[in-house]
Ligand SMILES: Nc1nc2c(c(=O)[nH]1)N[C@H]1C(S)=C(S)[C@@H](COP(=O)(O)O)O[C@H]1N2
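Shown here is one chain on its own, the form predicted alone, set out as structure tokens.
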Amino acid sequence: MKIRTKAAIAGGAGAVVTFGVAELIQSFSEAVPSIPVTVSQRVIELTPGALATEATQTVGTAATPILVTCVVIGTVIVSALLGALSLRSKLAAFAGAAAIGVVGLVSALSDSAAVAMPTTLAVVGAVLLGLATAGGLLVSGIGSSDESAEAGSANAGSANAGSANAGSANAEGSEGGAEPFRGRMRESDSSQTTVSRGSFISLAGGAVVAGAAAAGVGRFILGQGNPEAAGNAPAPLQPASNTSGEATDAETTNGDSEAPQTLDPPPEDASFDIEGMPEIITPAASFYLIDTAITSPRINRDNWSLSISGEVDNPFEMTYDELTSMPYRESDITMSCVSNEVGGGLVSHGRWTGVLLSDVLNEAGVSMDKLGRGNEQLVGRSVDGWEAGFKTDIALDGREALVAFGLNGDELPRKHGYPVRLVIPGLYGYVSATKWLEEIELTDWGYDVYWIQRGWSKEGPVLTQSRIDTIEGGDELSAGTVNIGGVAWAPTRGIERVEVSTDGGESWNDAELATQLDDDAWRQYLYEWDAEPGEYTIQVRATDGNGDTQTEDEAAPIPSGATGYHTVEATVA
């Protein structure tokens, strides 16, 4: 094994140890974030808009794990190159390792939950341990038999090259005591303890296994301490209540205190009990998830507050208890992602609990008659700095736009915005659904938020859409009655009609509709098809409460949502 190869292996192994130790440390302390995750988060923030959009379109929800994996592998490769560089210049190699450490530290400290001192100690300690590992492997590996042979051959070559001038060389050696030229690679000192190639590989492999094991243990501990990662349900929702008998600011603004408006369980006729049909209310664990945040911010709701700022008459802040003491309600709201393909799974229906956003804005002195150019846009800002923005009048037009703190009767899961988020019916999430909410700012329409800077449409209304759930493309069906069913949605407008075609759109048949929970909710449909043997192209289309039927024109998600009919090919035997 060549000396340069051993040096590269030593550098890579040191990087694995660094990552492993850092992951293990962060599992014991919420004050210390994950280095590869925070570095990946900074990469996302610095990625040019067009490239970020292309990545989202290409790999979808797999973008996050791919990015984190690339960061880890890329760092290991760079560290391996630095290990090889150390044979030429230890100072340059150390400077490169220090630069990697600085990038990791700066990225970690930019995490909203990071505490400076423990994070700094953790990162510096992990880097130093990784350097010590690499250095130890270099010391143990350089000078073993194969390096001696390599160095010896180089010396022999030098000697042979110098034999033509043996007289002068000898003269110089006797006069100046100069060593024969040995090239860039030198044998280690005879006093240095070295190991065989096999032993070196075992040592390096052991270091890599130890680093990976440390990272695995850290991930396991972190999962055990995270109810969501462990598979447990979020805590039951327990909003604060006003027991003082005195009127709160919200009650002073809005009149008498209102009792919470809760919903009855969905009626039986709101869903069809057939195979493949999605649940009418999506369980929190199954709710679609797509974020720019690689990990969910860790927020203590006792220290959390929401500020209302910008062009408002009465800017203020409120705590979690103050928010949940306001009149709140449950609302059935279907949410979908603008990047969802036709027939895709990035749509779910939840029963959300929260305070009307209009009530919060009213407390800040914002009403429809006070809107102007300076407060035309409402920007929701997350604790990690992410932003979404939409026209302020949407929050005041009567829809059940919520400052939400509950989902399906429980507290918000951390990955879905705990402790508080925005849920705005009729708007795609990229312009409205700010998770981990900490600020609402009213500003002008010219201000562009995160995804608008990256080429997506400014307004983002949810399009009327439908999906086939009971049949998948390529299914082989039995002749006879075949259930074709699924969901259709048009939040704020409701669904009035769903039609199914089994001949590629040549003819259409009305489907039976389940009872609609709310105009903001998706609606199940069912068409019982008397299927005969053959090859079929099955399609679905929906008509919303305004009488508008979804378009058959096909369009990609960017910039304003995918369009077209969901189509599946099936064979009946």
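Throughout, we count residues from 1 along the sequence that is shown. Please read these numbers as outputs of a predicted model, since none were measured by experiment.
FYI, the form predicted together with the named molecule isn't displayed, but the following is about it.
- Look at 454-462, 359-367, 422-430, 304-312: in the predicted bound form, residues with non-hydrogen atoms within 4.5 angstroms of the named molecule sit in 422-430.
- Mapping the unseen interface onto this chain, M117 falls outside it, with no heavy atom inside 4.5 Å of the named molecule in the predicted bound form.
- Residue contact check for H416: one or more of its heavy atoms lie within 4.5 Å of the named molecule in the predicted bound form.
- Contact between M335 and the named molecule in the predicted bound form is found at the 4.5 Å heavy atom cutoff.
- Remark: K435 counts among the residues lining the named molecule in the predicted bound form, judged by a heavy atom distance of 4.5 Å or less.
- Of the listed positions (S325, S296, S382, S331), a single one reaches within 4.5 angstroms of the named molecule by any non-hydrogen atom in the predicted bound form, namely S382.
- Contact with the named molecule in the predicted bound form, defined as a heavy atom within 4.5 Å, holds for exactly one of W445, F272, F287, F316, namely F287.
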